[in-house]
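What follows is one chain in structure tokens, specifically the form predicted alone.
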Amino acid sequence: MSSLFLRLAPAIALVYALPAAAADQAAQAERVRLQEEMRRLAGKSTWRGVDAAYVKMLALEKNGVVLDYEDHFMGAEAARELGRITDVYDRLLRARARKKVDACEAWIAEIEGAYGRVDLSRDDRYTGEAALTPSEMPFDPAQRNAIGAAQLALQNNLEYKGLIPFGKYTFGGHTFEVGPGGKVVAHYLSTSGGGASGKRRDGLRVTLGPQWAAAGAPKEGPSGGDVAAGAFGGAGLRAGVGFEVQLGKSPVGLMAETGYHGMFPRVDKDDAGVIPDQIGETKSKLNAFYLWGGATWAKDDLAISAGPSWFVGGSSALGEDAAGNPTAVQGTVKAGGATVGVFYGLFDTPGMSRSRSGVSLIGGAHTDLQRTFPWVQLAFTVSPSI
């Protein structure tokens, strides 16, 4: 039976490979057809047709088709003629990824020297002034077209994410300036507070990083046949996800976060050393889930969060019985306390608007009324931003 299968295996593989190969050949043939169509339409200055053909070519990439420099560059030329500067820039970057050409590099540098990226949007219930207005309309037709495209997108789609020329603008109640440096300028118009407000702290927050956790000695020692664990501590991990909401136009908001709070297992020793017959049980460890809620305050890239917190989970440690004999202690921990965190943003979070990524220093202390559980964490954090 096995020898028959081995003889038939190449034929079976060929049966499955033929449809895939045929699909690949069809996609490549369609790409060649669209290339010819793009060149023909470009010769007639039919740029909408060139743009449509380019978009169809992009869709072929999911079938394994790789577009070349000329495809992307011609797509950029079509977008320029249609007044879509953001598409021009994105397509030039695609062309650059395929091949370095002086004309493409010069065009990219020209755009980066005159345009900045914005992320503007408004709530569909917002009824105030929502126009994007430049303090001074540029003379360059391409720049005027870029502003017009942004204004039209805000009117029809309630948002615009793309490039506009350097300069000062007003959007609802916001006045801002777009300039060199590459930072995305983001503003959101909401109904909060009856007017325009930056959606400063509304969004997802994620925290992940190492921590040092500890448990203090109990207030009361063992009595009778009871067993009490001594103090213990060590390195661990803390990871959480939550949400923040800004209160009106103020820099103050509310936050809530939940996640894992743990300490890596480590072998504890008493004065006489590890208990030989219980070494597997005398590893100090903590595995808990936490809940943290409270207030936030934010200014630019700095944010501070503080409020009550709780955790519940299991722990084990080396302890002693009433007679002073070392023994393993395991149990459930339920503790409440407070947590404070300080965040500093370092860069815009890729793929997420109005979000910054950076570092946080977070610490807190909990108690179950018998002992305290202090901890401190240095974490990578994703936080809502302007």
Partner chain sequence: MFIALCLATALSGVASAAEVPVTGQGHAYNPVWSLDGQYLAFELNRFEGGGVDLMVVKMANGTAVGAPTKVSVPGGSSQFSAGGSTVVSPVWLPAGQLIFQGSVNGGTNRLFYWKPGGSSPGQLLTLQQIAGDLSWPTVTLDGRKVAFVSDATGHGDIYVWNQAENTVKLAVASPQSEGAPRWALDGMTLAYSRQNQGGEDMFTWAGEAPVPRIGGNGDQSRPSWAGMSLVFFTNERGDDKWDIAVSEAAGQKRTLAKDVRLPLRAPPALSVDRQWVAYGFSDPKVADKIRITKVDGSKSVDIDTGLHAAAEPSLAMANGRVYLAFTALPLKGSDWRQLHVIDITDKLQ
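Positions refer to the first chain, counted from 1. Predicted model only: the values in this text are computed from it and were never measured. Here, rigid core means the biggest group of C-alpha atoms that superpose within 1.5 Å across both forms.
The discussion below concerns the form predicted in complex with the partner chain, not included here.
S.K.: Taking the partner chain as it sits in the predicted bound form, is E77 near enough to touch it, meaning that at least one heavy atom pair lies within 4.5 angstroms?
M.R.: Answer yes; at least one heavy atom of E77 falls within 4.5 Å of the partner chain in the predicted bound form.
S.K.: Applying a 4.5 Å heavy atom distance criterion, does G181 contact the partner chain in the predicted bound form?
M.R.: Outside the cut-off, so no.
S.K.: Taking the shortest heavy atom distance, is S355 within 4.5 Å of the partner chain in the predicted bound form?
M.R.: No - in the predicted bound form, heavy atoms of S355 and the partner chain never come within 4.5 Å of each other.
S.K.: Does at least one non-hydrogen atom of A106 fall within 4.5 angstroms of the partner chain in the predicted bound form?
M.R.: Yes, A106 lies within 4.5 Å of the partner chain in the predicted bound form.
S.K.: In the predicted bound form, does every one of K161, T258 and Y260 come within 4.5 Å of the partner chain, counting any heavy atom?
M.R.: Not a single residue of the candidate spot has a heavy atom within 4.5 Å of the partner chain in the predicted bound form.
S.K.: Find the only residue in D90, D301, E81, E129 having a heavy atom within 4.5 Å of the partner chain in the predicted bound form.
M.R.: It is E81 that has a heavy atom within 4.5 Å of the partner.
S.K.: Partner absent here, but in the predicted bound form, which of 143-151, 204-212, 234-242, 305-313 has residues with a heavy atom within 4.5 Å of the partner chain?
M.R.: Careful reading of the contacts points to 143-151.
S.K.: By the 2 angstroms cut-off, has the C-alpha of A79 moved between the shown form and the other one once the rigid core is superposed?
M.R.: A79 C-alpha, core-superposed: shift of 2 Å or more.
S.K.: Under a superposition restricted to the rigid core, does Y260 display a Cα displacement of 2 angstroms or more between the shown form and the other one?
M.R.: Shift of 2 Å or more: no.
S.K.: Q143: after superposing the rigid core, is there a C-alpha shift of 2 Å or more between the shown form and the other one?
M.R.: Yes, Q143 moves 2 Å or more.
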